[in-house]
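Below, in structure tokens: the form predicted alone, a single chain.
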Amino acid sequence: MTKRQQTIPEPRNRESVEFGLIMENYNIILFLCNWGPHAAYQQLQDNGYQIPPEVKMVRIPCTGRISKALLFKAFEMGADGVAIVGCNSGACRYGSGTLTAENNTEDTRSIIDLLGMGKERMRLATFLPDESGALKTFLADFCEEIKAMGKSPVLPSASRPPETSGESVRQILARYDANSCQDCGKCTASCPLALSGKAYSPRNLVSDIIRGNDTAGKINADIHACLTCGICYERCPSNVNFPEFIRDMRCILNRDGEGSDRTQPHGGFFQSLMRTMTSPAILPDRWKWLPEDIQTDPDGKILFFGGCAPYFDAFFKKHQQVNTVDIIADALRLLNFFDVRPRLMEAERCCGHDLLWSGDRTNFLRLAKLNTEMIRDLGIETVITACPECYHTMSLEYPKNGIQPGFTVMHLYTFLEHEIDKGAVTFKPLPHRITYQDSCRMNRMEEIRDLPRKLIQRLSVEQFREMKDSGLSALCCGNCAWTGCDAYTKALQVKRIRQAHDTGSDLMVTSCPKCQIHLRCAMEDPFQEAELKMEMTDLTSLIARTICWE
């Protein structure tokens, strides 16, 4: 343990606090492979070596079993450093464990680096059974490196008081007038999940909850399964807002301990990431990748809010090789094209969309407050974003949840349509036959839902043809807020991709980075890959690639 002088912030893991001097407990998690490295570790103990007290060892069958979600979860729970120690390459009992661990560690290090925590807080090392001396040196050196870096800026989620207040099921039923359901079945008949073969019915779910079966296992599973795409709300003659009803029911389940990472793809990694961003001491460094040709104004009154694309790319780069940061870069280039040099918020956090819609309103509010306070402190008048979820959340959900931004929120498409409509610009010919995938969040907001098609009609493309289900009837990409991914949502994605192919198009245009991620995932089906593969690009990038002055 070390002793250092510092200003005392909110209390966290400490042995004592006297006269401003802090004796801090460091918390270093060691994921130790059960085979070669554990033998070396055991030999150290047998020889009387005292393992550093900061180190908490977790014995595991193979380093390849420790996912990115588990690696990152350690930091969310208060770890100051994480070491993952496995077998040398070629000595893994499970064959590919070492390579998997290398990839997971590299990706997670990239993400904690974007968070401004320092990628040095995570290390991967490999040892043979007879390398106890090398393991001893590694543990000692890593502990000293972590102490030199200081405590993690993450406020452990376990140290925060649980949510105890909130609405009852009865109050939520009343607010959305769920009892007015006419049992007509239009919601189920239009639900993408039901149409993909899942035994799922919005009206039956509401009926079961009204009857008081809200704690039943299947009911909870169905609440988490909903895509919240909004088609049922569009069709409901009684105007029951089922997506928001589901969102608020998820908040109750989360409050009562009924939420689960099992309902969240990738082990709940992205929810964990966003909860970590609620720590005030976190200072993300997410703009380090920005291309040199983009011009910004550090004192401007217009802020560009980028969203989570850099984190998505770091997480998926070895799985799908996604590059959604290109959308952000192209959005900034379009602003520059129209002589706008926006300001960037160096410590930009997530908008909180996924926390809210997966049921964690408490941490959503923490993020929302941090965001609005930071943006107001910069003197920003207008926030522009290219992400439909960021726009929906900041313009609509912040005020609905009692947080008044104090600045105008604008979607990039609104800005582009206004500027392009002035004239003096045209578009280079694009030799593609294109179709368009609607974003659910954008498609349910009247003020911007028509803008993508207006902008597409301005392009000079070989052909634009709508899919069978489009506009207000458009099919979801199969996932929302990183929850509810299963075989039925995969079937839905495959159906959507086939609809795109049926148009005769060779390019699918999207307006949400998650649509690209989820649909690309479906395209990697080993049995249908050749049939499903299709080029995709975001509308923002398409405009940036072809726009020019007349």
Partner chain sequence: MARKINKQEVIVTGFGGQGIVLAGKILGMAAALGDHKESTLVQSYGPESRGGACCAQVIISDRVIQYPYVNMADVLVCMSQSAYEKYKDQIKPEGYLITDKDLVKPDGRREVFDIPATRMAEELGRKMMANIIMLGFVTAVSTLVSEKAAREAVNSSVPKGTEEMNLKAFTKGFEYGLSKLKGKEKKAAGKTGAIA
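Positions refer to the first chain, counted from 1. Here the structure is a predicted model, which is why all the values come from computation and not from measurement.
This protein has a second form, the form predicted in complex with its partner chain, left out of what is shown; the following refers to that one.
Partner contact region in the predicted bound form: 326-334, out of 326-334, 134-142, 115-123, 94-102, criterion any non-hydrogen atom within 4.5 Å of its partner chain.
Interface membership of residue 446, defined by any non-hydrogen atom within 4.5 Å of its partner chain in the predicted bound form, is ruled out.
Contact check for residue 338: a heavy atom falls within 4.5 Å of its partner chain in the predicted bound form. Contact check for residue 217: no non-hydrogen atom falls within 4.5 Å of its partner chain in the predicted bound form. Proximity of residue 421 to its partner chain in the predicted bound form: non-hydrogen atoms within 4.5 Å are present.
Residues are counted as partner-facing when one of their heavy atoms sits within 4.5 Å of its partner chain in the predicted bound form; in 526-550 these are 544, 545, 547, 548, 549, 550, in sequence order.
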